[in-house]
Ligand code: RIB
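Coming up is one lone chain in structure tokens, specifically the form predicted on its own.
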């Protein structure tokens, strides 16, 4: 089982011709509210990929529909708590090139207590996976508790902060980072090439497997002296929101199935490629059948 200690947000998404500039007032062309949060997106992606995932989260009582949405997709939601406080939410701009800019209000996502941590640690079993992102509080104690219990920890330090860089990352079995997050962890410019970032991560966390996602430039996996590269698939993105979360959810589902790292990377890349061709965050996460079909077509076209 994978236990996802993760955020649940309401996404307020605005379609704009370009990302708003300082001092500018810009009319949006469309608006919608949907389920979001990196934690919820990753749980949803893993469930739609066929994985077994239990979500640990906090949500404003008035937004119980978001918990129901996760449950309908196959996520175990016993430990999603409804509380009398505002849910976390995000204001997302998406421009005509598919790029996005996000303002995040954490809300209920930062109300976790020691009791929540103790409850998770009492339910999880040695060998289970703990997945976390940097949108919830109480992570340092949670990591140490998980390590003491023999859980495998997968961490996505997003959004990247100084607090995330100070976490006991050496307790992690698997780290998912994009270019910005990798640069922040190793103290290099964001313009650094992939090999420089991978080398820095290897020096800092020699015993941690790393997946470095680079959007249209593909993804790298690194473990010790082993490196694997997964190219991105040739698609025209319309909205990149949720693509990284889709990648992570599908990668973890494939890993849960016992697939090779190469297979995990390929499945995750295909799922992310389908995701960026649709608008929205959770709404754009594909079902496994569609991903498998697209992947088989991709292989058939390569052989033709």
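Residue numbers count along the first chain shown, from 1. Keep in mind the model is a prediction, meaning the values are calculated, not measured.
FYI, the form predicted in complex with the ligand isn't displayed, but the following is about it.
Per the 4.5 Å heavy atom criterion, the ligand in the predicted complex is contacted by stretch 102-110, the sole one of 218-226, 102-110, 172-180, 196-204.
Residue 130 falls outside the set of residues with a heavy atom inside 4.5 Å of the ligand in the predicted complex. Contact annotation: residue 57 falls outside 4.5 Å of the ligand in the predicted complex, judged by heavy atom distances. Contact annotation: residue 249 falls outside 4.5 Å of the ligand in the predicted complex, judged by heavy atom distances. When contacts are judged by a 4.5 Å heavy atom cut-off, residue 146 does not count as touching the ligand in the predicted complex.
The candidate spot formed by 37, 92 and 241 is fully in contact with the ligand in the predicted complex: every one of the three has a heavy atom within 4.5 Å. In the predicted complex, the residues of 3-32 lying within 4.5 Å of the ligand by at least one heavy atom are, in order, 9, 11.
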